[in-house]
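Here we start with a single chain on its own, the form predicted on its own, put down as structure tokens.
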């Protein structure tokens, strides 16, 4: 396979963590080449030797992001670019705001199963995780949230669209959430880096605009990283709706914020201004891969539970009715040569689950599925 040969030549974590006999479908990188305008923009910086202190490269990012969200999703987060901050990544922004707004021992809500760095950030900072499990079909349960909160609960780490479940939460779910957030006076950090990878007919709605009560208590995180396969550029933006948090950010030493590089800015600008056609084509491919995955699982191993995601290129697989055990990812790595993410990383209730990245070629995906399906049919055990 020419595609496999190219991928094996990369230095990315996805393709180097495991040996040459393992097919990786774990970390959230796509196996697709980046959009030509992104490469051209980065190469242009190199060709003109513009690698000095090019601070001006970052200045257009705020308005470019706001315009992109408006064009792509039909809404505008703000007309005030002073409410936008740049960071080296969504987690950089999340952790800094969490440190500014909460104290060790304070409660931080997550809707589990949840992106595991959220869990690590809470634990590593000495905060307390308030674990609110999603309901059936990964629905958001506002009553369950309210029951889990107490006077020490100060913040919610939200994922919209949700990782790993792939849900695009509805307006009704978000408005019910807003009621609790207002009553409990919760600050909300909404990680929306998956916003541009929503499968039709679903549509992304930024959390901050879902209900007026969320506007001034939400920090919205955005990046080109997932949609355009450029996580290595390390560039993210945050719309800070809370005046309190804006004041605290402004009071910090400027260098604490971090600064994306001029190469990061060039690539991100090209993604949001010149690469929408590439993204639209990629979304058609991702939806086709998702549907192919769903069809094969339903036909060949119906005991595997799978609700096709409304967004992302991540499959959240219920493998509890197979022989693969509480950590099916380890069993498949050891016995089938496939690397997927362990469910237990995303929540203590996710034993027997796993997350699979289907953003690859159909040929590679079929080989991954052949190995997984073969292991299940053969009754492989830990």
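Residue numbers count along the first chain shown, from 1. Keep in mind that this is a model prediction, so the values were computed, not measured.
There is another form of this protein, the form predicted together with a small molecule, and it is not shown here; the text below is about that form.
Visitor: With the small molecule left out of view, choose which of 272, 177, 169, 115 has a non-hydrogen atom within 4.5 angstroms of it in the predicted bound form.
Guide: None of the others qualify; the residue that does is 115.
Visitor: If you check 107, 89, 133, 206 against the small molecule in the predicted bound form, which one has a heavy atom within 4.5 Å?
Guide: Of the listed residues, the single hit is 89.
Visitor: Only one of these stretches, 299 to 307, 189 to 197, 242 to 250, 137 to 145, has heavy atoms within 4.5 Å of the small molecule in the predicted bound form; which one is it?
Guide: It is the stretch 189 to 197.
Visitor: Is the small molecule close enough to 34, 38 and 282 in the predicted bound form that each of the three has a heavy atom within 4.5 Å of it?
Guide: No residue of the spot touches the small molecule in the predicted bound form.
Visitor: Counting only non-hydrogen atoms and a 4.5 angstroms cut-off, does residue 28 reach the small molecule in the predicted bound form?
Guide: The answer is yes: residue 28 has a heavy atom within 4.5 Å of the small molecule.
Visitor: Decide whether residue 264 counts as a contact residue for the small molecule in the predicted bound form under a heavy atom distance cut-off of 4.5 Å.
Guide: Residue 264: no contact with the small molecule in the predicted bound form.
Visitor: Do residue 163 and the small molecule share at least one heavy atom pair within 4.5 Å in the predicted bound form?
Guide: Flag for residue 163 set to yes.
Visitor: Using a 4.5 angstroms cut-off on non-hydrogen atoms, would residue 218 count as touching the small molecule in the predicted bound form?
Guide: Although the small molecule is absent here, residue 218 would stay clear of it in the predicted bound form, with no heavy atoms inside 4.5 Å.
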